[in-house]
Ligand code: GFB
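Given next, in structure tokens, is a single chain: the form predicted alone.
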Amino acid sequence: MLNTHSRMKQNDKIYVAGHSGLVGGALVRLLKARGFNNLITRSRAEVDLRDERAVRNFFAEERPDLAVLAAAKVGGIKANIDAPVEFLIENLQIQNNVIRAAHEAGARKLLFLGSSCIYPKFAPQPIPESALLSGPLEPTNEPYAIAKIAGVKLCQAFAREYGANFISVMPTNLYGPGDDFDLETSHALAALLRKAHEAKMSGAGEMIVWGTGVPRREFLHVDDLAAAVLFLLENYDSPEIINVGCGEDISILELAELICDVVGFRGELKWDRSKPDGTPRKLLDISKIKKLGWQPTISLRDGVARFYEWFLDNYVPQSMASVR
């Protein structure tokens, strides 16, 4: 559904929840580059989004025109398995508080960022938006997925009951500046990039990779997601969920080889088959957003090359970074 009334104005007051995270950071960079300078951000120390009173007071005082909910408790498979209570409770608290406070403070529009893990483990591929709630979830991240589904349903409930223009966006696997490289909590692409770099620097003959390399995944550069978020804020006003991805997937083996090529690691890949593969395939159907006129612009190889440059400049100790 397109609606010209939701066009953004340069002086709109825009609140980005989670501005220091991977997605929020990319969105703030893009908004500033496009001339939107009336941005509101708050650190967790300033406003704890789990605290209902603090969130209501903040929204009542600031009264943003637009809100983007990119704040969440996130992590990889291990983090999800280790802390299911926190993943469920904290994400529900954040969502409930921000979504309700945005409505009460009269926000013109809210964009809620979900996740592709809301879809059933064995959804049809590529996954259409209609697959939501059509089967059991992947058990390892079920608490996080259920919290995100509740956020989608709350936005839809506000739309139905109060006519609120609250939209929900489901991104695929993301990577880019601001990513997490902690091997305990990171996602596949960032972990592989760090491993390949460290293997190259140490002169190792091989690099160990989890699983079999067979599963297929889709990866979207976070700057492409930020562009999609801005596009949807301006052009999409339906409470029905909408997918954002690149429309192509790659096997973990092909991804590992691409990363090693970009990084310049010439050793062998060794597969640790005792480690889990996860879902066999996860690719989003992005025909809905493409019909509206958006498509990604950053190829995986270019994106990984840019990401590696950022990693060298921002993550690696300077003594290591100088040995490129």
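Note that residue numbering begins at 1 and tracks the sequence as displayed. Quantities reported herein were computed from a predicted structural model and do not represent experimental measurements.
Keep in mind the form predicted together with the named molecule is missing from the figure; the text below concerns it.
Contact with the named molecule in the predicted complex holds for all three of 80, 117 and 210, each having a heavy atom within 4.5 Å. Just one of 200, 103, 194, 217 comes within 4.5 Å of the named molecule in the predicted complex, counting any heavy atom, and that one is 217. Residue-level contacts in the predicted complex: of 288, 282, 50, 42, one residue has a heavy atom within 4.5 Å of the named molecule, and it is 282. A residue is said to contact a partner when one of its heavy atoms sits within 4.5 Å of a partner heavy atom; residue 141 meets this definition for the named molecule in the predicted complex. At a distance threshold of 4.5 angstroms between non-hydrogen atoms, residue 277 is in contact with the named molecule in the predicted complex. When contacts are judged by a 4.5 Å heavy atom cut-off, residue 230 does not count as touching the named molecule in the predicted complex.
In the predicted complex, none of the heavy atoms of residue 177 sits within 4.5 Å of a heavy atom of the named molecule.
Across the options 233 to 241, 121 to 129, 105 to 113, 179 to 187, residues that bring heavy atoms within 4.5 Å of the named molecule in the predicted complex belong to 179 to 187.
Along 249 to 270, a non-hydrogen atom within 4.5 Å of the named molecule in the predicted complex is carried only by 252.
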